[in-house]
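Before any questions on how it binds or moves, here is one chain, the form predicted on its own, in structure tokens.
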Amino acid sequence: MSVEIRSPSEDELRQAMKAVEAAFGEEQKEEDLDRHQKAMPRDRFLVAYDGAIPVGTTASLPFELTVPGGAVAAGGVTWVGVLPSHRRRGILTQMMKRQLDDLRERGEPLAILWASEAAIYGRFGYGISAPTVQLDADRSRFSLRDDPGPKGAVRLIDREEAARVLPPIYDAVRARVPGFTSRSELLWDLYRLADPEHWRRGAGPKFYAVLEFDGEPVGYALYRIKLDWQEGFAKSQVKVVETCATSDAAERELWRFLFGIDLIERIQGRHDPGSPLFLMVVDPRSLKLRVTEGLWLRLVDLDAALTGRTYATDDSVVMDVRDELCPWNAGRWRMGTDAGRTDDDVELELDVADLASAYLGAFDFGRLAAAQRVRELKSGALGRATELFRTSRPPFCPEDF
């Protein structure tokens, strides 16, 4: 289908943003439209027009993504949708291609996203790069193994103090955890700290809790409580929005606090797979952890992406990378400290989406090979590549976009 893909004019912006609403079957409040308009640069918002009618959208927020040994510019892809009346006509493919070209022109080597449907993005070169865990824990069974006893103190603070205290904690953790994204003051204000009524989905207001050791902030938890009483007994849930801890001891004390809230039956929320909580508790089964695919990543500029991260060994491995959507990435690449194009003999073959799954350290090449996602052409190359890309902890992305 022939459509025009471009950024909307100022006069067209509101109507284009409402196309997202129709694509997802949701109503956007005026305050949400105001919020999105402040957060999203208009030239990063792409709209597919059928004549004068907006029928599809995609956008990208400017981020820095923490990668092993550093940070790389990344476009946070969001607002992806096509109207029900215009689906199955190739519009999404056209928008995805245009967006990748746009990110490359901007000098952003990576694209990242959270998928509304997991089956969509693999065909555009995205790979699962930072799985996440959903926690649905039974509060009554919570107990810490070899508990050293409480340490520090937790304070409930207001939004104004949270805006001062929480970002430095987040940035300290972001510096060392692959998958974390930069978070501007604007994003803190408009999204993470914001608490409009319609975001609560039946729960109560957002609480901001800061953990301090000797008066110094070392962690925080954002959460809501969804009240539920049945036959005189409390069946309420703590809905964890985000936790962030600068040490294992701080992690333990944050969860001690959350599981210590009275009149609660369950603790629910997204959980970092690199957290030691699973091994800290007496009954790990009671946490009811469920793995989901989490953050997806697309290598837009392979050269810049490979040189933007560090490697665990001084070795190198030559890989032949397939990339139909971004042909500038296709071909032979040396992976390692001397990363770049090469004419040397190929040792591994794989698709760009599968390389993305290894890029942050989520999956090693042996596991990819077991799933028939990479082919070894030289004996021992899988093991060497695994060691090369090894990271000290699994990646995690706490940001919603």
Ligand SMILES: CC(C)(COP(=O)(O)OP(=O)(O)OC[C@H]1O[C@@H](n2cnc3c(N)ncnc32)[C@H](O)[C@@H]1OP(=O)(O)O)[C@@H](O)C(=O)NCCC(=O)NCCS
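The first residue of the sequence shown is number 1, and the count goes up from there. For clarity, every value in this text was computed on a predicted model and none was experimentally measured.
The following text describes the form predicted in complex with this ligand, which does not appear among the structures shown.
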{"property": "Non-hydrogen atom within 4.5 Å of this ligand in the predicted bound form for each of Ser9, Arg14 and Arg44", "result": "no"}
{"property": "Option touching this ligand, based on a heavy atom within 4.5 Å in the predicted bound form, out of Ile91, Leu187, Leu289, Ala330", "result": "Ile91"}
{"property": "Of Phe180, Tyr311, Tyr223, Tyr121, the one that lies within 4.5 Å of this ligand in the predicted bound form (heavy atoms)", "result": "Tyr121"}
{"property": "4.5 Å heavy atom contact, Leu388 and this ligand in the predicted bound form", "result": "no"}
{"property": "Contact flag, Lys235 vs this ligand in the predicted bound form, heavy atom cut 4.5 Å", "result": "no"}
{"property": "Partner proximity in the predicted bound form: Glu117 to this ligand, non-hydrogen atom cutoff 4.5 Å", "result": "yes"}
{"property": "Arg322: touches this ligand in the predicted bound form, heavy atom cutoff 4.5 angstroms", "result": "no"}
{"property": "Listed range touching this ligand, judged in the predicted bound form by heavy atoms within 4.5 Å, from 76-84, 238-246, 212-220, 131-139", "result": "76-84"}
